[in-house]
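Quick heads-up: it's one chain on its own, the form predicted on its own, in structure tokens.
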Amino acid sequence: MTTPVLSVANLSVRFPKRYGAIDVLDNIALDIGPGERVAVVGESGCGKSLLGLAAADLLPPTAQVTGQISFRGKDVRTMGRRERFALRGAGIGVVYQDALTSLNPGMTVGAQLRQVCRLGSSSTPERLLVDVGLTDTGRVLRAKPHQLSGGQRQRVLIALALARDPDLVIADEPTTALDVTVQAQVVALLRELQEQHHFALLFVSHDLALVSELASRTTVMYAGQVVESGPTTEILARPRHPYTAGLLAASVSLEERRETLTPIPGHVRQPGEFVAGCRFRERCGNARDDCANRPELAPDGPGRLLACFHPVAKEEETP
């Protein structure tokens, strides 16, 4: 079998000073193969971005981590300092959601790109900008971040992430601050670049429409736990976990021509308020007494995993 570019197994993360013994990320498992596009979805507060930070070895020192994070078959947590430093950028590139705060406001785009390229790049700042669709390279290189549009800044971030030819790119909600048209352009660009450069892509998002355009596999998270995963087309067409079905029912779809949306009642609790057992049970219409116990993630058909005692019946369709 091909060794995954990224393999996460039994990963749990705690912040003892803030939440005590609560696992903010709880027993996470995730594999991404070479050249694969995988999405992680869920509401705000579900742990998606925290998982991305853990995968990129960017958790703060206050985090208490157990489990395994392997990059190209080697455990990141046992790497020496130099290896871990080299991992960032050369092995793993990250595209953050807010380009205006991620870029240095006092430096020109050209200066920031040159800094990264000096660390080791097969490209040039000009070539990187052209690759992400910014053909007016002279103007963009001279500009500071505030002088560019939101979409242009996001393309610069993508250029920075790709500068050192990483094997894995983690895109952490890269379209959040953009309008719908620009969101679609950024997703199309990510897909095009991924096909050209063959890097693996971990796409963190709450937007199911964008996920359907980009990812081959999808992992659904709720309150720091994986509740369902599988091929994206299967997950979106036939969700098995009530939470996944709720996300779809609350999403706008022009094709279905639904006049009303069905919101999920309640909200994601803060880690210090997580309930025992299934963390979704307070918001779930399928919940029963046995949901006070934790459902384990188990196979649910070819390529699919599910953690639920009372899933959506296979013959049911999402409303």
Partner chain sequence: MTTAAAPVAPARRGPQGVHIGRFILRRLLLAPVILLGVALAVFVVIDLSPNDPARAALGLFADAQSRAAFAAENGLDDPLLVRFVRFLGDLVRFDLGDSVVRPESVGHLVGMALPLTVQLLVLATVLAVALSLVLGIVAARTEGRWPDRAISTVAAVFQSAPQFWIGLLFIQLFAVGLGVLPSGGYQPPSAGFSFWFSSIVGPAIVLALPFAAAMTRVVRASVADELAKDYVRTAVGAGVPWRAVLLRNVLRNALITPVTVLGVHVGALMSGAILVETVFNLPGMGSLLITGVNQGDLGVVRGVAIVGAVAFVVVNLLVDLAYLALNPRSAEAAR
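Just so it is clear, the model here is predicted, and its values are computed rather than measured. Positions refer to the first chain, counted from 1.
Keep in mind the form predicted together with the partner chain is missing from the figure; the text below concerns it.
Of the candidates A209, A177, A237, L119, L119 is the one whose heavy atoms come within 4.5 Å of the partner chain in the predicted bound form; the others do not. Of the residues L53, C291, V38, V268, just one reaches the partner chain in the predicted bound form with a heavy atom at 4.5 Å or closer; this is L53. Only one of 155 to 163, 219 to 227, 237 to 245, 70 to 78 places residue heavy atoms within 4.5 angstroms of the partner chain in the predicted bound form, namely 155 to 163. At the 4.5 Å threshold, heavy atoms of D131 reach the partner chain in the predicted bound form. Proximity of F199 to the partner chain in the predicted bound form: non-hydrogen atoms within 4.5 Å are absent; the residue sits far from the partner. Heavy atoms of L168 never reach within 4.5 Å of the partner chain in the predicted bound form, leaving it off the interface. Proximity of L58 to the partner chain in the predicted bound form falls within the 4.5 Å heavy atom cutoff.
Interface residues of 72 to 96, taken as those with a heavy atom within 4.5 Å of the partner chain in the predicted bound form (partner not displayed): F85, R88, G89, I92, Y96, in sequence order.
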